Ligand code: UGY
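Next comes just one chain, in structure tokens: the form predicted alone.
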């Protein structure tokens, strides 16, 4: 676990062809355009085999950063602290649990408040459907107890953050599991995932591997990677995850 002494040269980080588990103890900060040199940790990106980017942002009090890549859409979830966002000229105040979706063509920036700001960002190249206008800006907040039972299980609650409309080609959801709850079956599907454990601990099956996971861990799952999760321990487990949606596999968006 992060912060605990470990044997020299040992790590929980695993990187394979179909999945990766990234232990916070192995994080290396580096710059992305628009951010300072030590504000970002890139967790998942195309060099690992992914079709999207997932990164952490750590801003010191009143530090600012942002993104303006053409054709790129972004989803930002504020994990801790407070910040003010400029979303193409629209101002928004964010606290922990708030999020925004920035469609392609909108330049966004974030300025931390007095306690700093810690966020996770998912980005991908937008895949436009013929005759369908790109999605609109979305601002929202995590609703306490707002999730719905997943496939009828009241111990596994799923909260969705983005509209299920043809214009959207990504989804970001929050999953909460009571202790002992699990996914009902081993999934294998065309969508790929980027995941961040927010709370608690559990066990994740990825392909043929079984991995203990704790808050702070990040996971990449390639398309068709067999996957399953169960929450362990005395407290609930929560994770935030991304997936690509709404596009045909032959259009190049997968």
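Numbering follows the first chain given and starts at 1. What you see is a predicted model, and the numbers here were worked out from it, not measured in a lab.
The form predicted together with the named molecule exists for this protein as well; it is not shown, and the discussion that follows is about that form.
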Legend entry - residue 211 within 4.5 Å of the named molecule in the model of the complex, heavy atoms: no
Inset, instruction - Although the named molecule is absent from this view, report whether residue 243 comes within 4.5 Å of it in the model of the complex, heavy atoms only. - result: yes
Legend entry - Exercise: residue 60 in contact with the named molecule in the model of the complex, heavy atom 4.5 Å: no
Inset, instruction - Flag residue 218 as yes or no: does it have a non-hydrogen atom within 4.5 angstroms of any non-hydrogen atom of the named molecule in the model of the complex? - result: no
Legend entry - One stretch from 38-46, 221-229, 25-33, 63-71 that, in the model of the complex, holds residues within 4.5 Å of the named molecule by heavy atom: 221-229
Legend entry - 4.5 Å heavy atom contact with the named molecule in the model of the complex for all of 150, 204 and 239: yes
Legend entry - Partner-contacting position among 79, 162, 183, 157 - heavy atom within 4.5 Å of the named molecule in the model of the complex: 183
Inset, instruction - Answer with one of 126, 99, 108, 175: the residue that has a non-hydrogen atom within 4.5 Å of the named molecule in the model of the complex. - result: 175
Inset, instruction - Any residue of 185-223 with a heavy atom within 4.5 Å of the named molecule in the model of the complex counts; write them all down in order. - result: 187, 189, 193, 204, 221
